[in-house]
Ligand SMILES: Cc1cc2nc3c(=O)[nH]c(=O)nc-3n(C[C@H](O)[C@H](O)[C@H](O)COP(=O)(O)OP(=O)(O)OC[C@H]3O[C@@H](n4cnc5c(N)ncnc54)[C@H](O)[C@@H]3O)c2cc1C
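Form predicted alone, single chain, as structure tokens, below.
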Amino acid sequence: MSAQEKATTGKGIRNGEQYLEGLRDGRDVWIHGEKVKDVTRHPGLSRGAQTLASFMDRQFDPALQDTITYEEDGNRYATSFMIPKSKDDVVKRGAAFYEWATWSNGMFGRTPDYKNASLMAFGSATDFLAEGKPEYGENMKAYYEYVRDNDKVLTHTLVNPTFNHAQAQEGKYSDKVALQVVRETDAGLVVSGARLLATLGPHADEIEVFPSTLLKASEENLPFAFAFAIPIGTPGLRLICRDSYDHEKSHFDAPLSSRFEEMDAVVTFDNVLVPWERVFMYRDPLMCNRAFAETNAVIHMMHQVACGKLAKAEFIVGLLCAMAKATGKDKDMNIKGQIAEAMWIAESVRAFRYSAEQQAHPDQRGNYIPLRRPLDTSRNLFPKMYPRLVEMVQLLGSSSLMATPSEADLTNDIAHDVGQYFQTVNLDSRERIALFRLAHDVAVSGFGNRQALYERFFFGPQNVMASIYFDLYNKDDMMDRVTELLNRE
């Protein structure tokens, strides 16, 4: 049986057609003031779904399969589900993450391998979840196998809406807006409230609803302490989307936003039933706070992210070089120096990834993890690096980012003028306009600005992330050297 034929058996990788069919489940999605009948056909959502479907199809490409999939017991699964048992496995996972990211040059950030990395970590650390109740560990193992075997696409939501900032700072949540357990039944938990922000929500099969940052260990927080996963089509679950950045323009006019719109949505729950077998943590705030660190999920997620950010940084370097070459600016020493800064960013991320993979080591369960510190450094620096990369595109492009007629102007009554006046020394008018429309989509458009905001807050507020980094950093050895010098005879 071929891999493509096995895709119909529900045991391993799926193809794009199967993925799209799974989205037609009557899910409750709202955008632009209206309920969506079918996310695979809606003008603001359909092309993002089609893009992800094309990515799923690539899992069957013989030239890519050894990188992005692995074989086990006669079945082929996405590499992101593979539990690493050696440094080579960690390197293989990194190669798969990077390959997925290159398909969109990092502009479709929430590909399925991101959540797969987290789920793999939880699925291989069921002993931790069993501390709450033995069945919670069993539930997670079964869920990991279900998602892996059916190649499901996941989104997640971690953050409760803020009703009162001071209250949130105390590690408490408001029962007016936050997602909470409203009652228990024989069948499972019943939850109501809201969560944000589910990137890829309308295009996912299932949603993980996991612990939100830090919960104060108190009786009043018990209704907010849980982890579970349910299908997007579950009754009572609703997705409220932001505006779409796919304005139905051609790929020429909007080369990124026409392809890589990964919609973000606020998720509301109206008396949603969560079956007990889908519950992984409950009524234990301290366990919720420990979950991502003690399962090593955060490390595996950082690994996937670093690989994706490398592809994104490389793409911006290529864009800057192409823009400079178009007019011959690549011969100018000052321009070379400016673009060199972007190259330093890309090479820094590459070095972080390499260092982490090459220093992979066994964790407390005997599975291998990349070294955390390089990945943690990357995830703290890139939120500052990416806005700088965008600024470089803006500064280099200048008014050319606005001098961008549409594709229609290349064939209408003014086509002669466009052909005459938009050429550069190294590009004809069509090529120049296409290049700078791409730069516009990166650095000026709504799509591009969403990307910059997304990168700034990908793992959380920068001050919070920096504080966590400081606390985890091994400072003692370095301070000892200072003390030794001060005490030296």
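Model, not experiment: these values are computed from the prediction. The first residue of the sequence shown is number 1, and the count goes up from there.
Same protein, other form: the form predicted in complex with the ligand, not shown, and the subject of what follows.
- When contacts are judged by a 4.5 Å heavy atom cut-off, residue 198 counts as touching the ligand in the model of the complex.
- In the model of the complex, residue 159 approaches the ligand with a heavy atom inside 4.5 Å.
- Although the partner is absent here, residue 60 sits far enough away that none of its heavy atoms falls within 4.5 Å of the ligand in the model of the complex.
- Contact annotation: residue 453 falls within 4.5 Å of the ligand in the model of the complex, judged by heavy atom distances.
- Using a 4.5 angstroms heavy atom cutoff to the ligand in the model of the complex, none of 14, 55 and 249 count as contacting.
- Checked against the ligand in the model of the complex, the candidates 312, 303, 278, 110 yield a single residue with a heavy atom inside 4.5 Å, and that residue is 110.
- For the options 43, 460, 26, 446, the residue carrying a heavy atom within 4.5 angstroms of the ligand in the model of the complex is 460.
- Here the chain stands alone, but in the model of the complex its contact with the ligand, taken as any heavy atom within 4.5 Å, falls in 190-198 among 360-368, 71-79, 190-198, 389-397.
- Looking at 237-267, the one residue that comes within 4.5 Å of the ligand in the model of the complex, counting any heavy atom, is 264.
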